[in-house]
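Take a look at this one chain, the form predicted on its own, written out in structure tokens.
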Amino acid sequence: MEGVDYLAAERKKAEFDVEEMKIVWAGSRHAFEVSDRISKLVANDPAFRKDERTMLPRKELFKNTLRKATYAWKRINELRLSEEEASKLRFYVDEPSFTDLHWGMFVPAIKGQGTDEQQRKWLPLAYKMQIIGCYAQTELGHGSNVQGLETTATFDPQTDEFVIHSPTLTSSKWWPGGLGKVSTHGLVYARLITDGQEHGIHGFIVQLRSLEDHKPLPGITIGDIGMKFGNGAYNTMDNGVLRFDHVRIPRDQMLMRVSRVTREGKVVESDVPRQLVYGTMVFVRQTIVQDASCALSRAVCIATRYSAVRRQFGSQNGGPETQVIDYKTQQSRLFPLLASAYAFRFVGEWLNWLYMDVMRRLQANEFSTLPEVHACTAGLKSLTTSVTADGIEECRKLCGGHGYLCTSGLPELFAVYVPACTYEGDNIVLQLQVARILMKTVSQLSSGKPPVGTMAYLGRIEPLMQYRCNVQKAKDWMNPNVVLEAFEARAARMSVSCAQKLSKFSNPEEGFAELSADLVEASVAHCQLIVVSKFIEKLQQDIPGKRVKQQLEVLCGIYSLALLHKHQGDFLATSCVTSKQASLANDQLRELYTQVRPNAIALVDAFNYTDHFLGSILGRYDGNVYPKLYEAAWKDPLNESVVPDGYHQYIRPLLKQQLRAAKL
């Protein structure tokens, strides 16, 4: 039945104003209005339909993506969209394409690492898409270890050029999105060599393809690396392979904002601090954290709506079966993910502020917060992407067997998202980087220099080492200060424990390698503390609507207490809480699930996702799931004929026992 809202009764249960929560989720009324308008513009344009994407062969899929990306650029220009609006349009088109890396990596890198002159030359071309760029850093043999990259850029003073070369098979650039078939230019990272000496890894703008016929330029071998995990998913992107055979580029195509090479081949550090390159990294990682909240919220929206539609068991005297969402087992798996989506949204907002703050500081030659900012962005990128990837898969399982269908939207969402756990830094490697900074901070506590930012709590190390939780009843866990102190004590004690163990090794690097698993756990505890603290800080801001704030308090409680329950071994082992207090936390958690239950549908409605963007029959706004699943099944190419291709060649001889005579 068309036009029937099977979730209408659920929406009537809401105890808060959904429109107010939509504004809180978006960040501001302006952001909500832009997002709402652009998402509907995309959803109502048939050129952006995507329901057949998982059934297209790779070549058709890729060509269709080129069409959409080009059409999106046409609409951006026709409607004269602002940079903010254009970014939203690409987001809601919801199809990985070459434009992602052009706008997300190529342009920001030139802005961050190019001189004023280089920016004046290259950015107008990039902004008009008269050139299309990619970010060619990762190689076949090296990803996380950037210093191990093998591509070389050797300066030739005779011609005033750099010679870009791939000396080994493993030096082939491998994975850059947009590189395989589309990009005309690449921001290539290579080992700078002048006069026989190496000077570390630097970025170079290299033209890869002709602007006339799109063929690779001389000395360049380039192509797509092949099919990836999933059906449509990330296979819309032309991840590429690239090799250089002594390719020459002008000297001024090395990005020289931080250091430059003179006409004579001398490497000269500029007046601009090298630390400025951190700006691009912070920008990209804070974007990834915000993307995590979007991806997780999509999966949670689908699973929550379907959990309210689906009924299984529990019927009494011929009455209706129980909604799956009413089972505590379902709630205990689903509602912490709902809370995490909100938590990641708010920590993403804060990271956006942090990025702007660190850029102001860098411009003023103020670098004191850089190590902490690096640790913060690296750790949160790792934490949020890991939780989101696992959360999407959990949402698929929460939808039962139907979650395995591509029409559920969840398999493709998972396949699109999981690369986030490895790009821009492998998640375990990033947590080890955080751990190094944590260990350095702990070692300097006696110096009198107070830790800053998200590590400031370590400045109270003595009271935190003596801390004992004073919770006596379950409701005490709803006090934000009680929760915050417990998480601070746990993180501090885990870091101190690792530092004490490290001090027993005569070789610090040997100790770091031996204790790496413990160090990752300490780093994760620190990052979880950051998210909890930023959620609590959000509650202290001016939030529209008393009932909206109450719902956010419930979600904050679910997020923090679900973590405490999951990691209670840490809290008990570090003596931050007693087993009785951990049990009380679990009692309070169950009560919070009961409180969030009537508001669950409204809380996912607040994400304000169109059915087009969700791309899920299970997550339809109207809940009309079963007729649409049935209808979609008949659209599969296998159902184009009643008798399948191959029947006469394979099935009939089998049934008639004529296999000896058949030409198989």
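Note that the coordinates shown come from a computational prediction; the quantities given were computed from them, not determined experimentally. Just count from 1 along the sequence shown to find any residue number.
Keep in mind that the form predicted together with another copy of the chain is missing from the display, and what follows is about it.
- Across the proposed site, Leu255, Pro371 and Gln466 without exception lack any heavy atom within 4.5 Å of another copy of the chain in the model of the complex.
- Phe367 falls outside the set of residues with a heavy atom inside 4.5 Å of another copy of the chain in the model of the complex.
- Proximity of Phe48 to another copy of the chain in the model of the complex: non-hydrogen atoms within 4.5 Å are absent; the residue sits far from the partner.
- Mapping the unseen interface onto this chain, Leu572 counts among the residues with a heavy atom inside 4.5 Å of another copy of the chain in the model of the complex.
- Another copy of the chain in the model of the complex is not approached by Gln290, whose heavy atoms all lie more than 4.5 angstroms from it.
- Heavy atoms within 4.5 Å of another copy of the chain in the model of the complex are found in exactly one of 528-536, 424-432, 85-93, 198-206, that being 424-432.
- A heavy atom within 4.5 Å of another copy of the chain in the model of the complex is found for exactly one of Tyr278, Trp73, Tyr355, Tyr457: Trp73.
- Residue in contact with another copy of the chain in the model of the complex (any heavy atom within 4.5 Å), chosen from Ser495, Asn235, Thr377, Ser340: Asn235.
- Looking at 621-658, the residues that come within 4.5 Å of another copy of the chain in the model of the complex, counting any heavy atom, are Tyr626, Pro627, Leu629, Tyr630, Ala633, Trp634, Asp636, Pro637, Leu638, Asn639, Glu640, Ser641, Val642, Val643, Pro644, Asp645, Gly646, Tyr647, Gln649, Tyr650, Ile651, Arg652, Leu654, Leu655, Lys656, Gln657.
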